[in-house]
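Here's a solo chain for you in structure tokens, the form predicted on its own.
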């Protein structure tokens, strides 16, 4: 894929969330003085999305507290066009917008993110809430009233966080999922069972290994029929059943799309010159595993933005992206932090560092060399700082545990109870 050695004069960023905002900031920080155009249909300033299912949903944070860019887009001298991207002409280097407008570019950054999948009622129409935008979270928050029974479908982070918020507000909450335990697909059965137990201890009704056969509208709520005949009535229904990359507008453009925009290790898209993709929508080449990977986490988008900005402005000296996997989830006032790639099929030790302040951790071990592939900490941010410092060094599990024991000052490791 040959690259020009001349930095672009006009850079067009499609998507104004974390990936797009951080790219714009990085470009200006690196000295880009050219024209910067951002295509973003949502009104207002760029905002952070992880808190939408956490602090923002509870009402603890305002919209202003979500802002990603101090001073807003104007502080970056960015022109924001409020429209959807409708089509890309990669050879002609221009985008057609939903209002018919054509905008040309020297370089294009695709940062369109994901759209949450919706539940469908028996009448064939979408039903329930999703949490993808601030408007989605606003609509859901307005429905969280005294006594409302909140039902979340799906066993991932969105469903778990929505149930946590509901219980924190004193509302009854139920989670319905096909898997045997919460977060099994992301963190595996051992850690998932621990998190599920925490939900049960906080009063969440978990309906696991349950399949939905019908969702009927019932006033403003829904009646859910499970395989076997069980019924669950929801006053507030929340979908946490995954998301899809926003790539429909790229159809026919020549850009390679396969569960996201496929890129090389430098975040360059295949199929058209001068096009980069990053964040949730990108399926980048991971140099660690030597295969494409799509990662829907905040830190991935932020870190890739630095790489994209550098490569746009220094095409003669490009750099590759080396992922440092990290993400977090807040549930029942406990921060669950994850570093590395938790393989659900890996050997997992759920341990407690017993000492003055007990610390719960989970360590994932892979391969014959006992390599530590991931660590989960529960309510121990300081421990996660040490984990993230060590993880790029590819430690063994014994080395990782030794470091954490030392950090915990006199604690000893015992199997979690």
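Residue numbers count along the first chain shown, from 1. What you are looking at is a predicted structure, and each value in this text was computed from that prediction instead of being measured.
If you look for the form predicted in complex with a small molecule, you will not find it shown, but the lines that follow are about it.
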Quick one: in the model of the complex, does every one of 141, 155 and 334 get a heavy atom within 4.5 Å of the small molecule? no
With the small molecule left out of view, which of 85, 234, 241, 127 would have a heavy atom within 4.5 Å of it in the model of the complex? 85
Have a look at 387, 27, 376, 39 for me and say which one sits with a heavy atom within 4.5 Å of the small molecule in the model of the complex. 39
So if I measure heavy atom distances to the small molecule in the model of the complex, which of the stretches 346-354, 388-396, 361-369, 48-56 falls within 4.5 Å? 48-56
Residue 182 versus the small molecule, in the model of the complex: is there a non-hydrogen atom within 4.5 Å? no
Indicate whether the small molecule has at least one heavy atom within 4.5 Å of a heavy atom of residue 112 in the model of the complex. yes
Residue contact check: residue 105 to the small molecule in the model of the complex, 4.5 Å heavy atom: no
Hey, in the model of the complex, does residue 161 get a heavy atom within 4.5 angstroms of the small molecule? yes
